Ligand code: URA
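As structure tokens, one chain now follows by itself in the form predicted on its own.
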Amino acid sequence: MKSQCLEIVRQKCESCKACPLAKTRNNVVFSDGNPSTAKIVFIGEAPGEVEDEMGIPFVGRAGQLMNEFLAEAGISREDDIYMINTVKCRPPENRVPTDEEKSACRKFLDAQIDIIKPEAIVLCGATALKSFVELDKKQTISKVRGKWMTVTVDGVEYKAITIFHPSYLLRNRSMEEGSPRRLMQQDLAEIKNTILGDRVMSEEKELVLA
């Protein structure tokens, strides 16, 4: 079962000392979500202070904002999504993880994706994007977000899309047309319609037959 396989990976992750982040962490922040029902893997940058304290990804201010956007889009964090980060331990002062730290943690990231086998991967922010795609200097997250692409993990291709990291939205509160928050709404609507559309139609059919 997926949960049993992931528990093995979690145990190995919790004993990992492959990079300096192991010395400063309070908790390994492995994942959140239901591996049995999740169709989408959300990948963020790294745990923050609250995540490090609780051992759960996306539970700080940015995570709470993400919850609001997910609920508005009709995407269930509990059932539709499996949430992880590029690294499992908090970098000091919430800095961006280094390439060496990401490389040391990559085997755990890939193992989670291999086990979940999602229908789509959502890359939250530039750090997650750059972990899978090489960008030239002219390519910014603003230019590539909201567009479906293909990423490869252990030889398997997955449908993927990039969205703004919710921490960026904390600094950009405007809801005007074209603002980051409005674009987030559009991107999550696209994700729901493309990946969860079958579920919505199935639920509607059940209501008709009830």
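These numbers come from a predicted model, not from an experiment. Just count from 1 along the sequence shown to find any residue number.
Omitted here: the form predicted in complex with the ligand. The next part is about that form.
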| task | Could you tell me which of 138 to 146, 180 to 188, 151 to 159, 38 to 46 sits within 4.5 Å of the ligand in the predicted bound form, going by non-hydrogen atoms? | result | 38 to 46
| request: Would you please decide whether residue 57 lies within 4.5 angstroms of the ligand in the predicted bound form, comparing each non-hydrogen atom pair? | output: yes
| Any of the heavy atoms of residue 112 lying within 4.5 Å of the ligand in the predicted bound form? | no
| Even though the chain is shown alone, can you say which residues of 13 to 29 have a heavy atom within 4.5 Å of the ligand in the predicted bound form? | none
